[in-house]
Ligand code: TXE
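There is one chain below, alone, in structure tokens, taken in the form predicted alone.
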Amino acid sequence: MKLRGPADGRVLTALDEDSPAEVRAKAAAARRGQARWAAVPLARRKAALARFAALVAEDRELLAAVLTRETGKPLSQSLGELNALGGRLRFFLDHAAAALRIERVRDAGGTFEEISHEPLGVVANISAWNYPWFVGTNVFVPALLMGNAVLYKPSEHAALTGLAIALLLWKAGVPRDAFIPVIGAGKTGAALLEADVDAVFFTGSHATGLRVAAAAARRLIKVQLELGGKDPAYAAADAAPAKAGAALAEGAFYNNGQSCCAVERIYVHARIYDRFIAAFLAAVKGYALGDPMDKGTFLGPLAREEQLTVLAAQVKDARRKGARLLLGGGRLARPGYWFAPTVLDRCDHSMSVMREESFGPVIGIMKVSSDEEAVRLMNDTEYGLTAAVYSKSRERARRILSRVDSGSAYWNCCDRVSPYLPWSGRRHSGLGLTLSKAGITAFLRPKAWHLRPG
């Protein structure tokens, strides 16, 4: 398997892909290792994951450079992901003990009823390339803390980061048979779904998520899907157009738009439309595009060459149907996977740019005449990950967002994740959740105890 750098398309390195037989062997090793790891006292498991957090912090400059070279994410943003990781890991460490605590429910006339919590067993974690540290640790850290073994398949576009994660976990004291990397692309992932595992946690596209769910259903094992979005944002009539324009530009173009919760479509009230557009364009034109290894770069290349075709088709479709191209519009004439930051307005829902996931530096904007129209359009989607409203009124924003069918709601912010809050999607955006206390107990199964003294 050849890994190419998105900035210039050159081969970075080649890695051997795990064959189906190798995947089965790794699953068998994880099965043996899980029982031993679960028997390790929680205090020691926590100590190992705390050491992992410390090692990541020590090596963050090198780890960020690896991530940038293989995904094209600007170095400042790779460092931002790693710098923010510590708080997320601390959340898991702080709440691990409570998740495992035995619950005494009641004394039913001398019969004591309790609930204990046991590990799922062997967890297959098929992860993503766009935020491999965030997305990965959301799964494998609580899974390990709860006593599970993890078969970790990083995206083939972030395999070097996946191997670095494994080395640091082993160095920190997690046994090699409790965390096992599985390297490869689609065929390797398919083999992992057929292996002896107790749960599958997948992050990726809706189309692949359907195949993962079908494979898991055949064996009646737990499945959790963190899928994509077509996340809407609405700038209401009372929003500050300059602030909303700048904030939503960043929400749309941070990480080159390659975020599940990136702003993917924008609705703006007619009263502030022209001022919003001016502020939005000014912000995007100010973003430095260039070498992702330069810490001053804000926009780098796309991680995947095939996405260039998707974005070009969306722009062509929108323009053919009457959208106005305000900025960008196509691939840049340079080596690598570069697409110009693109802004379209006069959009409507006949256009794919307003309905299908872009996952790149392309945004469609639409003028609306009322909050009612905005709500209707925000809900006109198969996805349901996040939604944002910009307004001076908290009550107005809450009234609008309470009617939008999404897992997360933002008032005067966007493209934000907190470990204290559940991360979940609705409909095509996924099944299950990560983060929050519920994102820890997701890696446990309850056992009911009926205890009657003799």
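Since the structure is predicted, the reported quantities are computational estimates derived from the model, not experimental observations. Note that residue numbering begins at 1 and tracks the sequence as displayed.
Same protein, other form: the form predicted together with this ligand, not shown, and the subject of what follows.
Undergrad: So in the model of the complex, are W133, K437 and F443 all sitting within 4.5 Å of this ligand, heavy atoms only?
TA: The answer is no; none of W133, K437 and F443 reaches this ligand.
Undergrad: With a cut-off of 4.5 Å between heavy atoms, is K73 one of the residues that contacts this ligand in the model of the complex?
TA: Result no; K73 lies far from this ligand in the model of the complex.
Undergrad: Answer for A190 alone: is it within 4.5 Å of this ligand in the model of the complex, judged on heavy atom distances?
TA: Judged by the heavy-atom cut-off of 4.5 Å, A190 is in contact with this ligand in the model of the complex.
Undergrad: Does any heavy atom of K230 come within 4.5 Å of a heavy atom of this ligand in the model of the complex?
TA: So K230 does not count as contacting this ligand.
Undergrad: Would N379 count as touching this ligand in the model of the complex under a 4.5 Å heavy atom rule?
TA: Flag for N379 set to no.
Undergrad: Between the options F339, Y254, F92, W129, which residue brings a heavy atom to within 4.5 Å of this ligand in the model of the complex?
TA: Contact check passes for W129.
Undergrad: Exactly one of F359, Y267, F298, F140 has a non-hydrogen atom within 4.5 Å of this ligand in the model of the complex; which residue is it?
TA: None of the others qualify; the residue that does is F359.
Undergrad: Among the candidate stretches 104-112, 323-331, 370-378, 209-217, which one is within 4.5 Å of this ligand in the model of the complex when only heavy atoms are counted?
TA: Single hit among the candidates: 209-217.
Undergrad: Counting only heavy atoms, which residues in 133-156 are within 4.5 Å of this ligand in the model of the complex?
TA: If the 4.5 Å heavy-atom criterion is applied to this ligand in the model of the complex, 133-156 yields K153, P154, S155, E156.
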